[in-house]
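Next up: just one chain, as structure tokens, the form predicted alone.
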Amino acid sequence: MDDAQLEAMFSGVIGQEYQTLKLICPLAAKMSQLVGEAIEKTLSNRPDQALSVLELGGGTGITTLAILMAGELVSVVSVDSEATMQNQAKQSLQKWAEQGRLNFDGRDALTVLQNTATASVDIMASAYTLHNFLDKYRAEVISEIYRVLKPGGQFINGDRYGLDDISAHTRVTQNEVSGYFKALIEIDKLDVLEHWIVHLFADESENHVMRETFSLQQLEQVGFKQVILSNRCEVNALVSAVK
């Protein structure tokens, strides 16, 4: 599916949620698509085999849709403890739920993982979720992700991976904030601007930020192999790893 078809599909299904995300943080929307493309590539290497995906932080369904579009043999359990956002996803993605390809779980990520059988999932996927976790909680989540994946299973995450060079990271983040102001003041969305700025302070706090080198080493330490960071754009990147 080319970019124009993708754009039409996302705009039609997710509607305003997708357009707003593209306006505020276009790289976040791109990362969701990259997660879907990574899963599509995996599917191409194992044709005619069903692929089970556990998605952490499904939100309003933008990344969920990207995953579902990877192929008809993909089935997804989308996890999100924020009921308001998950209800939007349920409405937007009702067709896939009715087909039996999509289920929702409203518990928090760690609880879901702890109640998932060992070596039972083909792919653990997420976008812009893990950086929201406190570092200690995230460490537990990563350990559980490794446990529930099948041998050869993949972890695919499009997220904020902080630059190791803190000064460079700060400059990039300052540019990001400037972009928020330009985009949201122009359309008179000061309430949304306030929300994003407040949220960014949490993202950048020391007990949340995911520095690149530390984050990749953390995956290796729990046992992951072939840990790769790609598609770096500012503080955003796609990380994949294999059990």
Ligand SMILES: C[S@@+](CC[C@H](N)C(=O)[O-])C[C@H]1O[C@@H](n2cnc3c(N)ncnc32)[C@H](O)[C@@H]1O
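Note that the structure is a prediction, hence the values are computed from the model and not measured. Heads up: residue numbers just count along the shown sequence, starting at 1.
The discussion below concerns the form predicted in complex with this ligand, not included here.
Exactly one of the stretches 114 to 122, 94 to 102, 73 to 81, 165 to 173 approaches this ligand in the predicted complex with heavy atoms within 4.5 Å, and it is 73 to 81. For the three residues 154, 221 and 238, a heavy atom within 4.5 Å of this ligand turns up in the predicted complex in no case. For the chain shown alone, residue 146 is not a contact residue for this ligand in the predicted complex, no non-hydrogen atom being within 4.5 angstroms. Proximity of residue 88 to this ligand in the predicted complex: non-hydrogen atoms within 4.5 Å are absent; the residue sits far from the partner. In the predicted complex, no heavy atom of residue 215 sits within 4.5 Å of this ligand. Put simply, residue 179 is far from this ligand in the predicted complex: not one heavy atom of it is within 4.5 Å. Proximity to this ligand in the predicted complex, defined as a heavy atom within 4.5 Å, singles out one entry of 54, 62, 34, 210, which is 62. Interface residues of 110 to 139, taken as those with a heavy atom within 4.5 Å of this ligand in the predicted complex (partner not displayed): 127, 128, 129, 132, 133, 137, in sequence order.
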